[in-house]
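Just the one chain here, the form predicted alone, laid out as structure tokens.
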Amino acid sequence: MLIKCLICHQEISPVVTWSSLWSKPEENDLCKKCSEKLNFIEGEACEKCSRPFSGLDPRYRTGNLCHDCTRWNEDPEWGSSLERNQSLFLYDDFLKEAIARYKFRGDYILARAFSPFIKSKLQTLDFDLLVPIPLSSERLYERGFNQSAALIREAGFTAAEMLKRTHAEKQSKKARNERIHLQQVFQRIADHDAENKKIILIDDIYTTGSTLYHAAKILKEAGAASVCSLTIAR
């Protein structure tokens, strides 16, 4: 059976070993070249948002926190909303293009490219609910699917649709300060119970953290025991 890489579409050549002759090989949706281009976040990083410290000016670091997270923590309104974000990969040029295809050009199949990494990480975490960051109805119509919910489903988990979003200008068009001081754009869906639940928010990219902090704040106000987040890229 011909298998093609979900990112570059090149044929994936199976690796034949003695064990593979007697057992079904593990499914692999990325070629070796594309797999090696995924830049895992490793080494020293901010303990709250996963921002790597390598290459970061020491002036923008305080202990184990980056300057942005220090400012979030010092804000009495927002500091305790999001407990921690964990991101898998650096948002470099390779991943930027892959996520653009997935998020803005409707290439849903790329959810399968990222799902094994999401699944592997989630298996190490303690949670009750996985909540995707919602899209407004306008964005959902434009894209055809919610990329965050797709990541959860393709990883084999159930997405708890606990939030809805009102229409807002694309975050990518806003400056950092504008993102942080957005009015609340999320509302809770009353049918779902957050009381005493350990919740993980799922999204594609952590940039300033504003989107995740806004979503986390709503869930904490609804009684969630804790709210963390997991994203593909930082």
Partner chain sequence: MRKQKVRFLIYPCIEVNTLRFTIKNNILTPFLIEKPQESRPISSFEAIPQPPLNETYSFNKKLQQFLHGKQLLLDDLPFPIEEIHEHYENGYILYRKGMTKEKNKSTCARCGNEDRALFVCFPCARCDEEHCTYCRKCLMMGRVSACTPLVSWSGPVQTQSDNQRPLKWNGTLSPGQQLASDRVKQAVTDNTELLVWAVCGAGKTEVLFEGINTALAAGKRVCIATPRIDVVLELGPRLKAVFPEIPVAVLFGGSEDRHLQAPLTIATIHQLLRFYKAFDTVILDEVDAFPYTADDSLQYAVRQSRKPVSSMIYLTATPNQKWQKDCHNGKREYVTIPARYHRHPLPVPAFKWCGNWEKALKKDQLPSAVTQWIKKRLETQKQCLLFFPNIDKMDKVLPILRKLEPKIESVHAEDPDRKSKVQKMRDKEVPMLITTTILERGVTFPNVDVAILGAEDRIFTESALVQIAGRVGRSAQFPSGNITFFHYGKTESMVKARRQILKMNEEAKKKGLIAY
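Numbering follows the first chain given and starts at 1. Being a predicted model, the structure only gives us computed values, none of them experimental.
FYI, the form predicted together with its partner chain isn't displayed, but the following is about it.
- Of the stretches 104-112, 82-90, 117-125, 67-75, only 104-112 has residues with a heavy atom within 4.5 Å of its partner chain in the model of the complex.
- At the 4.5 Å threshold, heavy atoms of C228 stay clear of its partner chain in the model of the complex, well away from it.
- Shown alone here, E142 lies within 4.5 Å of its partner chain in the model of the complex, counting heavy atoms only.
- Within 4.5 Å of any heavy atom of its partner chain in the model of the complex lies no heavy atom of T158.
- Using a 4.5 Å cut-off on any heavy atom, none of the residues of 189-209 reaches its partner chain in the model of the complex.
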